[in-house]
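A lone chain, given as C-alpha cells: the form predicted on its own.
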Amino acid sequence: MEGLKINPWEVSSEIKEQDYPKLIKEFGAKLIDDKLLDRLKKITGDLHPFLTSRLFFAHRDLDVVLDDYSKGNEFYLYTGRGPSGKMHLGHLLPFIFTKWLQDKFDVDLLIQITDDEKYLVKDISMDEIRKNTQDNILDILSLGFNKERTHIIVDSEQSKILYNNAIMFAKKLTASTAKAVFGLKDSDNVGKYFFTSMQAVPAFLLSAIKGRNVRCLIPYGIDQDDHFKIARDILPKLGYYKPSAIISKLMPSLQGTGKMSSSDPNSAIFLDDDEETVKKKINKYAFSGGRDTKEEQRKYGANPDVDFAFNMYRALEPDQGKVSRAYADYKSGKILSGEMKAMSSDAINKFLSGLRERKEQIKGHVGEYMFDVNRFKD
C-alpha cells in the first residue's frame, strides 16, 4: 500500500486496523471467513480467541491442509523467532496460537531460530545473538510445548542440513526477485539476498528427509509474508508442496499503531517487566477506546475493539465468559477505562508470573527439544 512499509525488516508505525484487509488483498492472500472458521471448529471442538477476535485473520491454502487432514494425511507446523533481543508479548502471542494448533491437531512443530539473519541485518555481535538465542528459546518453551513433537532449529547450529537444502532453493531464486520483493539495494550485503533461502527450508525439510511430500502449515505475522510468497513460488519447482499459511495482524504498540518494538520500551510489555512496570505502562501509555470523561463513558460506552488494555485482556484471560462480559460492560459504559486497565494489568501479570515459573523449570532441558534429523526418517 502506498505510504506503508511492511516487510520482515521494517513496519510502518502508521499501520492501523483498517489497513489489514487492503494489505491482504494486495498480498494475494485470503481472509478467513465464517465458513472456514466453522470447518475448523468441527475439527478442533472450539476456536482459539485469536481466531474469534480475528487476530489471525487470513490464510494461504489452509483449506487444502484441512482437506488432507480429513483424509488422514499428516501435516506439520513451522514458525520461528529472530533473536535480536529480549522478547515482548507481541513476539510471544503467535507462539501461543501455534501451541493451540499443535495441541488440537497433535502434529510436529519446527521452530526456527534465525540467529544468522539477525547477524546479517542488525548491528549486533554473534556473542550477543547467542545470549539472546538461549533466553528466547527458554521464553518460547515456557509456554509448555509438547516435548516429543517440538523441534527447535538454531540456524547456526543446524547449518549443514539447512544449507544443503537452501542451496537448491537459492538456485531457483534470482537477485532481481529478491530485490523486487524485499526492496534490497546493491549496497545491501549478499547475506540478505541469500537468507530467504534459509528461512524457506523448514517449509519443506520434513518432505526432504522423509522422501515424500508432507504439507506444512506456517502461522506467522503479516510482516513475514514476503519470505513465504517466494517459497510458494519456488518449492513446486523443486517438487515440493507449496507451504500453507495462517496469518496474523501485528500486535499493536501500547500507543495503538504500528507494532510493539524492542527498540522502544514504552511501546511494549516485555516478558521480564515486573508487576509495577506493567501497571505503569498500561496506565500511562495504553491506547484507550474509552471516552474523554467519566460521564461520557457511562453514557456512550467505549470501543473495546481498538482498546489496547481490552485486547490484551482478551488475549490472555483463559475464561472467555469473563472476556465476553467485559466486552459488553465496557462497550455499554458499565466499566470505565481505569477499571479495564486494572483488569488487563492483572491478566498480564498473572500470565507473566506463570511464564517465569515454567522458564526456571525448563532450564537444563532445552537439549531435549533440539532438532534431530533421525527422528523423522521413515
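Remember, it's a predicted structure, so these values are computed and weren't measured experimentally. Residue numbers here begin at 1 and follow the sequence given.
The next section is about a form of this same protein that is not shown, the form predicted together with a further copy of the same chain.
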Interface stretch in the predicted complex with a further copy of the same chain - options 213-221, 141-149, 288-296, 192-200, non-hydrogen atom within 4.5 Å: 192-200
a further copy of the same chain contact in the predicted complex: Tyr300, any heavy atom under 4.5 Å: no
4.5 angstroms heavy atom contact with a further copy of the same chain in the predicted complex for Lys280: no
Non-hydrogen atom contact Met87 with a further copy of the same chain in the predicted complex at 4.5 angstroms: no
Exercise: Asp116 in contact with a further copy of the same chain in the predicted complex, heavy atom 4.5 Å: yes
Candidate spot Lys160, Asn164 and Asp186, all three touching a further copy of the same chain in the predicted complex (heavy atom, 4.5 Å): yes
Contacting member of Val107, Leu120, Val306, Val181, with respect to a further copy of the same chain in the predicted complex [4.5 Å, heavy atom]: Leu120
Heavy atom within 4.5 Å of a further copy of the same chain in the predicted complex - the one residue of Lys131, Lys71, Lys284, Lys171 that qualifies: Lys171
